[in-house]
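Encoded as structure tokens, the following chain is the form predicted alone, with no partner shown.
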Amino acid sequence: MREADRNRLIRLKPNLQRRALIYEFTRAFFIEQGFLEVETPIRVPTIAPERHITPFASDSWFLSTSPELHMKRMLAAGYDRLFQVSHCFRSGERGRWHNPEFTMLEWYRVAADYRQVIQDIERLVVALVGKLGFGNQIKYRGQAIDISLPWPRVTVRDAFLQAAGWDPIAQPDPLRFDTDLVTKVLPSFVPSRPTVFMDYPAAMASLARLKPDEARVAERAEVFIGGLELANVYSELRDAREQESRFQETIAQIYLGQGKQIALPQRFLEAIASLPDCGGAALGIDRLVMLLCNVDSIDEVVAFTVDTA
């Protein structure tokens, strides 16, 4: 064994031990609420088409970018509370917060929307922090963060108006949105508190339901803690025609931009007709462990990265 590899694994042991505890406590959290832990395929025939996500090919199939489509098919079959800790794969994603193979926690609950699922995230993080003995405050990269409930909420519209001086709901501009989000909006969040960033432009939430009183706004939220984008939350879209239309639009954009043809996930679209009202979340386990281990790189919380495997 290479000496550098051995030394790295020895150095990571405390973080990996804490990671194992986070898994244990997370599973207990959901099981105590009546959620069923499930497993869905890692190698899949189709994925949800997304412009900014490039899948790994596996013969004529793909490595899963998210377990979402299969978990929603289970909801459509009558399951009501599901969670999964799943390995996911996305090509080209490598950096301080990214590895092409990463771990996602996803959960879905029937008869709920994004507001109830945001509360799941709040209670999960508070429970984990308490189990790890931190009380109501953690430290991340030198910043004390008060996680007492409830966490501050801010809408996309209000945050952009205050920090960037324009309204992305009334004036959709994806390129400007991405730039101003990173350079102006995220730095405006209070660093000593988590932030729930709510109500995205409709075009930026391909699987989320639109707000009944505002068709330009999707019921999507993101949770940020310590500068980390920790979780995405949705009230799930149940309209099969609308979902297919959104997928077709994205497929056309992918073909124009990359020359790649993506197939529609037909079995998922067929299942939507039976999908009940539900909300769901995708939370990055690696980033959660980074936060609770007070480290600034994903390399410090996984045993093997793409560079060390």
Partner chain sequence: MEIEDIHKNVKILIGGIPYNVDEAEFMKPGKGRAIYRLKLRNLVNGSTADRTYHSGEKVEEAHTTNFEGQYLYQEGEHYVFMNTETFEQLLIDEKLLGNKKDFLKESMVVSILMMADQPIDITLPTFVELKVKVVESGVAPKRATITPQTKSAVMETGYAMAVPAFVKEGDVIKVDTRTGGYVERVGTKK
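Everything numeric here is computed off the predicted structure, so don't read it as measured data. Positions refer to the first chain, counted from 1.
One more form of this protein, predicted in complex with its partner chain, exists but is not displayed; see below.
Note on the partner interface in the model of the complex: the residue among Arg73, Arg238, His98, Arg157 having a heavy atom within 4.5 angstroms of its partner chain is His98.
When its partner chain is considered in the model of the complex, only one residue from Thr179, Asn136, Ser188, Gln116 comes within 4.5 Å through any heavy atom, namely Thr179. Its partner chain in the model of the complex comes within 4.5 Å of a heavy atom belonging to Arg220. Among heavy atoms of Glu244, none comes within 4.5 Å of its partner chain in the model of the complex.
Mapping the unseen interface onto this chain, Glu214 falls outside it, with no heavy atom inside 4.5 Å of its partner chain in the model of the complex. Put simply, Glu229 is close to its partner chain in the model of the complex: some heavy atom of it is within 4.5 Å. Contact check at 4.5 Å (heavy atoms) against its partner chain in the model of the complex: all three of Ile53, Arg90 and Tyr234 pass. With its partner chain omitted here, the record of contacts in the model of the complex names 45-53 of 26-34, 267-275, 45-53, 248-256, defined by a heavy atom within 4.5 Å. Along 101-126, no residue reaches a heavy atom to within 4.5 Å of its partner chain in the model of the complex.
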